[in-house]
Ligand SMILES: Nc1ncnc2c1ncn2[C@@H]1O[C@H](COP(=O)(O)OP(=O)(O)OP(=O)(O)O)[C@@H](O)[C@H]1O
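Coming up is one lone chain in structure tokens, specifically the form predicted alone.
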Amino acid sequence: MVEHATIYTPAAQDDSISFSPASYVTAGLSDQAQMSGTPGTHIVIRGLMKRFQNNRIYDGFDLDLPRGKIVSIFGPNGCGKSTLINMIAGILPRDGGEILADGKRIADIKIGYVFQNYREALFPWLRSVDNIAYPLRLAGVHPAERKRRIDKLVAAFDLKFDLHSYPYDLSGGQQQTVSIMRALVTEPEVLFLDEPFSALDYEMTLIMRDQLQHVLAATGTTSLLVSHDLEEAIYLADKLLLLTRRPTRVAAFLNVPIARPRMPETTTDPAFIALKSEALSIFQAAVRGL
């Protein structure tokens, strides 16, 4: 169903962007009602299929993802967490099934993607501000509108560094901030984040968590976050998606009813601890295949 998605990633040092269309085998769902989802659903997944060689990763996988919420995805190693968001985003082909957002192909909506490796995600030959503006320039957005959007993000992130610096002059956290801003500057309908803080030290991770939850809550962007850290997954999420071992199924899709803004001390709150304990029990059962 999805044919391609434009993802802004450096392909070569020629100030150009490239992407590859992906061809898919559809599941042949004839009843459109099957793709309507539950009330409040933004993205509907039905019958998702994915294999790598002889390994079944997804085999008839169904899921409804809510609008305007941050969904954290957590599961055993090798269960296909990143594979899932990459198929939803349209940058990895699927072997079957349907994925629609508001009844449209993902290729027909605006998406943003934040990669784990921020060092390779930015153009080192462009200033940080030009990295952020690049997708807008590529889309032909007027310079005045580019500036307005960037200024809006600068205010939202409360930046303490100079965007006229080159990426190699910035810290890791600052580089990832620039990467997140570039993903958000297009005002995407859906934002994908693949372990965005895993390469950062603990202090910078805490700072980035706070910045990200503030901005996403303010924008109301539907966001899918892959994390290998259960505490981080709960901390950032409105809903926590727990996956099983492959062939991957939904082990649980938990609400995270913890008030925002969340702070580091939130992790010691009894409600947070109870939810983490519940999620850990589900995860352990999923790992054991129970």
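The numbering used is simple: start at 1 and walk along the sequence shown. Since the structure is predicted, the reported quantities are computational estimates derived from the model, not experimental observations.
Below: the form predicted in complex with the named molecule, not depicted.
At a distance threshold of 4.5 angstroms between non-hydrogen atoms, C79 is in contact with the named molecule in the model of the complex. Looking at F253, you'd find every heavy atom of it more than 4.5 angstroms from the named molecule in the model of the complex. When contacts are judged by a 4.5 Å heavy atom cut-off, T83 counts as touching the named molecule in the model of the complex. Remark: I43 does not count among the residues lining the named molecule in the model of the complex, judged by a heavy atom distance of 4.5 Å or less.
Checked against the named molecule in the model of the complex, the candidates E98, E189, E195, D95 yield a single residue with a heavy atom inside 4.5 Å, and that residue is E195. Just one listed stretch, out of 217-225, 254-262, 233-241, 51-59, contacts the named molecule in the model of the complex at the 4.5 Å heavy atom level, and that stretch is 51-59.
Within 4.5 angstroms of the named molecule in the model of the complex, the stretch 226-257 places a non-hydrogen atom from R246 alone.
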